[in-house]
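Below you will find one chain, with nothing else, as structure tokens; this is the form predicted on its own, and questions on how it binds or moves follow later.
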Amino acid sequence: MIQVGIIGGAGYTAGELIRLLINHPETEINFVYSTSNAGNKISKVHQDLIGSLDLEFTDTINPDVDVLFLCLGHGNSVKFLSANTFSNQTKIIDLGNDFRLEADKTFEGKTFVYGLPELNKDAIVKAKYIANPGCFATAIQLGLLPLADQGLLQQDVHVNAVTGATGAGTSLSATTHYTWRDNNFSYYKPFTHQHLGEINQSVKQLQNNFKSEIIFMPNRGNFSRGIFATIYTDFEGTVEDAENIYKLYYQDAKFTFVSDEFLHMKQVVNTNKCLVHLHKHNGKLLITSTIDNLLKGASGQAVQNMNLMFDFEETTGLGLKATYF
């Protein structure tokens, strides 16, 4: 059993991470750190864990845990690691965006590997420090990487994607109140979303001559969880050609699957899966990609990375059933 520490334990991603880890056969949660909740039972905050976990939040850390998950707000992982030291044996998985970009991946002698298994599996297996991808970034990259791998992204890529309310985190804002979100729909951060940096970085890792633009319109939906992305770009071949490219690229992927049927989001909510579907119309290839933003887009992918880092079967602890009805 490996000993696990979690930093920033009160948010949605930490709650999902705890749920996964208490059911993982190879892990034991050593501590869950939260200064604002120290001394409170974890199940008081994450109420789905009542009867499943009798552990309290703490404001102290064990520097000798085998793996540390950082579930902090963006920009706070650097601050935390600057103020706290862990053993040389401790592996770190950051769920924030502090170390995802090439310019930021090295920090105080630690070099973080971008943790998208469908792109960097071999490097993840050997890594000590992982930068877990963003949720929108995961869905969009998994829709684009097979084309980039073949050098086929030659024109602008248009992306329209919608995420559930949990994508905004637990902190209240004007757009997270029920009365605003219910029966509502809106866009935000048009053309400038922060995940574009890591998306472009991964595309260029496979297709270094990519010079076009990824035009991304993120949307807020009036549901709790999930991401549904539609992506289109020019493609000269047939839809059968595209399907062959995608199925070959993902032939060894444990959680990404190419579907012959039109997709809907309930197929993946509460799972670590990404489903991809392809459709061709008048020279445009439409790629649909859907994930659960808290699992494949965050905590599930973090556990998938942990499994690879510790030489566990990649799917361990992630055999989840979709909330289909």
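These figures come from a predicted structure and were not determined experimentally. The numbering used is simple: start at 1 and walk along the sequence shown.
The protein also exists as the form predicted together with another copy of the chain; that form is not presented, and the subsequent description refers to it.
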Worksheet entry | Stretch from 81-89, 184-192, 241-249, 204-212 whose residues place a heavy atom within 4.5 Å of another copy of the chain in the predicted complex | 184-192
Discussion item. Give me the residue from 61, 55, 29, 49 that has a heavy atom within 4.5 Å of another copy of the chain in the predicted complex.
Written reply: 49
Worksheet entry | is_contact(residue 129, another copy of the chain) in the predicted complex, heavy atom dist at most 4.5 Å | no
Discussion item. Even though the partner isn't displayed, in the predicted complex is residue 162 close enough to another copy of the chain, meaning a heavy atom within 4.5 Å?
Written reply: yes
Fill in: Residue contact check: residue 228 to another copy of the chain in the predicted complex, 4.5 Å heavy atom
yes
Worksheet entry | is_contact(residue 68, another copy of the chain) in the predicted complex, heavy atom dist at most 4.5 Å | no
Response to the item:
Of the residues spanning 260-298, the ones with some heavy atom within 4.5 Å of another copy of the chain in the predicted complex are 261, 262, 263, 264, 265, 266, 267, 270, 273, 275, 277, 279, 281, 282, 284, 286, 288, 294, 295
